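What follows is a single chain, given as structure tokens, in the form predicted on its own.
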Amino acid sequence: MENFMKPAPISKKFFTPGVIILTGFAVIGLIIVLIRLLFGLGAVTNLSNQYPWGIWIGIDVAAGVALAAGGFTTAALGHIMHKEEYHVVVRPALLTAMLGYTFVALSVALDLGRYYYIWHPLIMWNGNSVLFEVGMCVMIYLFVLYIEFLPIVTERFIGRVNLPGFLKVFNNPVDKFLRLLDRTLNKVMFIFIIAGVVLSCLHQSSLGTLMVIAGPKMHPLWQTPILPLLFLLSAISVGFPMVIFESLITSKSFGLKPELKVLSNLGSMVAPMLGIYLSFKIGDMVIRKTFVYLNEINIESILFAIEVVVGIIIPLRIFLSPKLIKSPVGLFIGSALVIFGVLLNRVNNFIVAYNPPYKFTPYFPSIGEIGVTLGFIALEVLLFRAFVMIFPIVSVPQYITPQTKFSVRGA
């Protein structure tokens, strides 16, 4: 009997106590979204002329884009560098990125005063605008992600099209269309994979450029000309930890054995990237002599120290340990800390470090803003669970008998 791994839909009960709790958060978030759409930003947010953005941009967009970086980092590793052993994590990473960018786009639309004009950048080009570049790259990359996901859809339904009732006459044409689509995508997919990696690098760095042009409105601990590079390096650094974190959570949730060898190999690549990121961050502080601001005990210096120590140095030590990166607990803690560090970095840059002139009151997110953010996170987790139960995304153990009968264990 020969064992092997193959992507397959996971047959499990969808609703669990945890899923029910997440559903409650998602419903509350959607209700607040409806109130925002009907009565405007002022009805649910604490935004003002001094603080035109809050956690919907700092967390939902800036952090969301960074934490979806596992999509392009694993695509580069599995498809461009042809590391076949990592293909087991490519599909879950692709799904995470696709859902992440979808909710990034939704968050941007919600944050716009006139959300129904979000399509304007498609026809009203402004090549001098950083946001124009970010918006176009995100929209194109989201389209690319959907294209990259299509082969999973065709794999799921080819030979299994079974429309009910009078629609049965379309079974054969739909199946032929899916087969044609699959053959076409196999020939051109490399173009979309390369485009996805390039587009990701562009808009990851451009989010940093957006804060560079904020100038003196930014606290010196974060305001630096190399902020675009730091944003890109931090996104690359969090790509594999996000894949490891998601893979361990998925395995635990569905009762599957984690791909520890693959995840450990990914973990061994995290330390060099974190080291490069930390070197540029500390080197920039030394050159600009902004370390003097750490002598001041305030919210900015404390959060900067937490970002560097907890989000970079401690996980760097974990991923440098051969013993810890072979342990699910070590991988989980190290990955969670990197994710926390990048999340805090985006919050620090877009909210904590931002100090607008002529402000009257400090910004703190409203219950509505927090509700939408938690609701979107919950909805994204629920959709991820639904997708892996419908489509062949997660690789599960299978075996072949002499009679060539296949079955899925743990599904």
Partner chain sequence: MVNESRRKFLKLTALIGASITGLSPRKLKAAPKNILDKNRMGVLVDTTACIGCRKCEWACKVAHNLPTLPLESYDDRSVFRNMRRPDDKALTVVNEYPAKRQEEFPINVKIQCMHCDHPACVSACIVGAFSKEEIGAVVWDTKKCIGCRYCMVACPFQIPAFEFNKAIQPEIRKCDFCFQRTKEGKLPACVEICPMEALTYGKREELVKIAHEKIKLYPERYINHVYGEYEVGGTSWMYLANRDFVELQFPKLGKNPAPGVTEAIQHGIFAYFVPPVALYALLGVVMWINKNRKKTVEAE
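Positions refer to the first chain, counted from 1. Because the structure is predicted, anything quoted here is derived from the model rather than measured.
Note that the form predicted in complex with its partner chain isn't included here; everything after this is about it.
**Asked** So which of 119-127, 93-101, 175-183, 251-259 is the stretch with heavy atoms within 4.5 Å of its partner chain in the predicted bound form?
**Response** So the stretch in question is 119-127.
**Asked** So in the predicted bound form, are Ala43, Leu112 and Thr209 all sitting within 4.5 Å of its partner chain, heavy atoms only?
**Response** Yes, each of Ala43, Leu112 and Thr209 comes within 4.5 Å of its partner chain in the predicted bound form.
**Request:** Using heavy atoms only and a 4.5 Å cut-off, determine which of Pro225, Gly159, Pro328, Pro220 is in contact with its partner chain in the predicted bound form.
**Result:** It is Pro225.
**Prompt:** Though its partner chain is not shown, can you say which of Ile191, Ala305, Ile276, Leu163 has a heavy atom within 4.5 Å of it in the predicted bound form?
**Reply:** The option sitting close enough to the partner is Ile191.
**Message:** Check Ile80 for me: does it contact its partner chain in the predicted bound form (non-hydrogen atoms, 4.5 angstroms)?
**Reply:** Answer yes; at least one heavy atom of Ile80 falls within 4.5 Å of its partner chain in the predicted bound form.
**Message:** With the partner left out here, check for me: in the predicted bound form, does some heavy atom of Pro362 sit within 4.5 Å of its partner chain?
**Reply:** The answer is no: Pro362 has no heavy atom within 4.5 Å of its partner chain.
**Prompt:** Met269 near its partner chain in the predicted bound form, any heavy atom under 4.5 Å?
**Reply:** Contact check for Met269: no, nothing within 4.5 Å of its partner chain in the predicted bound form.
**Item:** Trp53 within 4.5 Å of its partner chain in the predicted bound form, heavy atoms
**Value:** Taking the distances in the predicted bound form, the answer for Trp53 is yes, it comes within 4.5 Å of its partner chain.
**Request:** Within 4.5 Å of its partner chain in the predicted bound form, which residues of 263-281 have a heavy atom? Give them in sequence order, or say none.
**Result:** Stretch hits: zero.
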